[in-house]
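Encoded as structure tokens, the following chain is the form predicted alone, with no partner shown.
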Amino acid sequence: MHIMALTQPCPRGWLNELDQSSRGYTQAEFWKSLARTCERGLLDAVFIADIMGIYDSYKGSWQPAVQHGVQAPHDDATLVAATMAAVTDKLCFGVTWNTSLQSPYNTARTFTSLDHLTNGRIGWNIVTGYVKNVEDNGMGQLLSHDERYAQADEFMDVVYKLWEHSWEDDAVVRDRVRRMHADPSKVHEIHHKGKYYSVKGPHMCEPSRQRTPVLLQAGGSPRGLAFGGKHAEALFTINPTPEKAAESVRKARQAAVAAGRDPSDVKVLAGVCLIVGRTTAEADEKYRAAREAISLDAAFTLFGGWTGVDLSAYDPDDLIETIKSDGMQAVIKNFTYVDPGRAWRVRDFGEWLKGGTLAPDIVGSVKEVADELERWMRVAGVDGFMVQPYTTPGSHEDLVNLVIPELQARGLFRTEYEGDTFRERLTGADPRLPQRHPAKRLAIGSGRT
């Protein structure tokens, strides 16, 4: 069972007296302590979520997001990863990074640098961006949904050429006699010219241990799934039940095969929220307190950020079905999975979203939570879980101190780390991408530095 723990450098759940993120997210020691906890629990990785832009759909303003601390304020995920990596040796890190709002050349340098500094413990959660107000802040134009993925496909071609094909493994010679640090004949320009990018190269950095970071992705649309099947080594899915998750696993494997890869090349992790206590009653109380600490306004702000739909225009008792919006209809479809016979109202929607995610809640004693995770593995065929927190660091501490020992006792989770790099941890194989990955099949121009 692979387990990654999500966190985010912003004040998540800050009204809950058990949550320390509001003051902690700006403090290095907060992140160092969380890293030590997760490494002690032998987790695969800490997954650091990130956004660019402040949610401003609800009430047509960014002010609710700032007032309620809905992913605002927000610090840089790459710097948090570097801080956490500095006090750990084995724990890996998945860092969210946006293809729509960054240049591929700088992206390649950032992730090679992180991979160097962590000795191969870095992954990239590839996102295409969705917060419209980035355009008001000089970060470029947000394209339509499917075109963002077309742009991202070309973006990946560029970074693959830089990571995999620009520097040969033996380019760096450090030869004092010849006064040659690197052999220019073994460093290559990539000469990429496409619809969205023109990049000459060469790459700024010598190859890191993994060359290409572990590639993570969570696209659930048909276009996003095709992108993930082509590029991703781990796909995250959010489904209300293990039966529905089984469909996502099947589709992910099919997408990999359609891209010319082996179905086993893509690990599928189910997003879940764990609320665990030493007793069921203790877990129920934690769950109640966590959800009471999130207002409907905060939930609606989050939803508006995801979909662009402003729920302030509707009465809390309006039926969801009466709201006409392409974005809303897609989410409504997901809710029919949860309770097909229920008449969902705007108020119900907000209550459901108080967890800050659409991931299902698993609430109970240690045994009950472990039983449910085991059932998901058996029924859905997932490779593990992306565990999302209600409180930070409390949810992570409960995972490490309570759930992990029970999973280890059942033989479902490691008792020591295997492999040194993120890719070795995830696949049990080489630190480098396999030869059948699309990154390996690209050609670059013949120009030399």
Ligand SMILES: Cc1cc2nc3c(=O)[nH]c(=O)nc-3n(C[C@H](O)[C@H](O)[C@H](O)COP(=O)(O)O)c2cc1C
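Everything quoted here is computed from the prediction, not taken from an experiment. Heads up: residue numbers just count along the shown sequence, starting at 1.
Below, we refer to the form predicted in complex with the named molecule, which is not included among the displayed structures.
- The named molecule in the model of the complex is not approached by P202, whose heavy atoms all lie more than 4.5 angstroms from it.
- For S248, no non-hydrogen atom is located within 4.5 Å of the named molecule in the model of the complex, even though that partner is not displayed.
- Residue contact with the named molecule in the model of the complex: H145 places a heavy atom within 4.5 Å of it.
- Contact check for F47: a non-hydrogen atom falls within 4.5 Å of the named molecule in the model of the complex.
- The stretch from 206-214, 281-289, 310-318, 123-131 that comes within 4.5 Å of the named molecule in the model of the complex, counting heavy atoms only, is 123-131.
- Among the residues P360, G219, G305, P104, the one placing a heavy atom within 4.5 Å of the named molecule in the model of the complex is G219.
- Contact with the named molecule in the model of the complex, defined as a heavy atom within 4.5 Å, holds for exactly one of Y149, F349, F111, W163, namely Y149.
- Residues from 230-244 that approach the named molecule in the model of the complex with a non-hydrogen atom closer than or equal to 4.5 Å are F236, I238, in the order they occur in the chain.
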